[in-house]
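Heads up, the chain below is alone and in the form predicted alone; it's given as structure tokens.
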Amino acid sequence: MSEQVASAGEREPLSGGISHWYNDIGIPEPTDRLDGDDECDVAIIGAGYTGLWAAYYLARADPTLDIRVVERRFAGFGASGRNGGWLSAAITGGLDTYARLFPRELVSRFQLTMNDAVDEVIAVAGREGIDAHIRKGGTLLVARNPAQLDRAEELAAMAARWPEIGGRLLTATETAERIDIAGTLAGFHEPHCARIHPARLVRGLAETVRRLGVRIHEDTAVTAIEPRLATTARGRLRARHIVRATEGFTADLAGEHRTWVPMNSSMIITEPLPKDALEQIGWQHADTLEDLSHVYSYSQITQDGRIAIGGRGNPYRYGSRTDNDGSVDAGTIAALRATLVSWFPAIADVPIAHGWSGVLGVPRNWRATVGYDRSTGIGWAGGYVGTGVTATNLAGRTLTDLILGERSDLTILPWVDQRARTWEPEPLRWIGIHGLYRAYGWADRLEFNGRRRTAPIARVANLISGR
């Protein structure tokens, strides 16, 4: 273990074990494995947020449906039980990008619908008795050098073009009144975001859909999806409708290896902060927190007074390999801790309790999508690029309308039935992704060393990646 990690406390932090969120509530035992060939009305592949929200709204819309959710490990095993806990209304790909492709009124409606989806998740959690430690404080993005300040001002200009976001530029003093981050020059606050405990939300959803009569076949890995047929190692499941809700694990399905890249994101979490450190930092409003670096870090403060922070670490594993039960290397833990201490020097002596990782799905155009092909009976949703906690709820409701044949305000939103080209084959995929993140890292170093505007190499990387 590196000295940087060791200096943060007397013991080595836990690594892997799915996530801290599961270390907190306990890892569940898989139940109700598929037992041979079977059939149903709707087969949903993947028991994360997307699959469970789709099951929830379908079961409420038509209680007569025989709905099955099929999961390789247990409900919430993937990104839904490992993420940073941001219930955010951010739209992956950006409103300006969508406005070049769709009427402005429709793009505006998309953002307003995402804003409402934040409140919908909060309302469902309250109605169904899911204690996910939800607190709505918005998102605070912080500029700590002149180039980041330039980007904060660009965000303010975007908020002026798109008042639906509700964002506003904050002075350094106004930012510090919310969260006191070392070296702050300015902040940008968006109101439509809440902090959550991810595993509590996903496990609560799983219990809720089971109460509604949905069966979740855990420990049942699906290897291939065809029209009205899902093939697993435990049998074949036939259904009138099949939903691919596999997000970062989509690359493991036959024929889907290059559909979405499984991008890796890593996290660490501290032990509970001492009272004096909490008082010095502030963070009274439970904002989620992000810096404006190109290789950015994202954070939240938990209900029990810990700080969780995440970032890319090793962004991509060769060949679109996916899971290793969340293990993370000591170098990534040290790098995330260094970022955290640079933000909050007062917590330099607070030990790191746990580090973990997971994969998220990234389409080649960096825009999430939801859709349904009535000719094959196959629906899909995902490619959230790390902003899926809220988008999954909207996807679940949209899939419900699409499957039931309802034309609604949701089924005409710009992300419906959007297709991206496939990712490049290896080794181009690995070289390209790692090269882009090296470029972003280089741009960050240039900016922290005094460059006053966004480094051109970062803008070029954005153009190449399609971000």
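Because the structure is predicted, anything quoted here is derived from the model rather than measured. Heads up: residue numbers just count along the shown sequence, starting at 1.
Although not depicted, the form predicted in complex with a small molecule is the subject of the following passage.
Taking the partner from elsewhere, every residue among A47, G84 and L360 has a non-hydrogen atom within 4.5 angstroms of the small molecule in the predicted bound form. Although the partner is absent from this view, T220 contacts the small molecule in the predicted bound form, with a non-hydrogen atom inside 4.5 angstroms.
A residue is said to contact a partner when one of its heavy atoms sits within 4.5 Å of a partner heavy atom; G388 meets this definition for the small molecule in the predicted bound form. At least one heavy atom of S265 is located within 4.5 Å of the small molecule in the predicted bound form. Although the partner is absent here, A79 sits close enough that one of its heavy atoms falls within 4.5 Å of the small molecule in the predicted bound form. Heavy atoms within 4.5 Å of the small molecule in the predicted bound form are found in exactly one of 399-407, 415-423, 433-441, 47-55, that being 47-55. Residue in contact with the small molecule in the predicted bound form (any heavy atom within 4.5 Å), chosen from R203, H192, R72, R178: R72. Checking L253, A353, A277, I122 against the small molecule in the predicted bound form, a heavy atom within 4.5 Å turns up for just one residue: L253.
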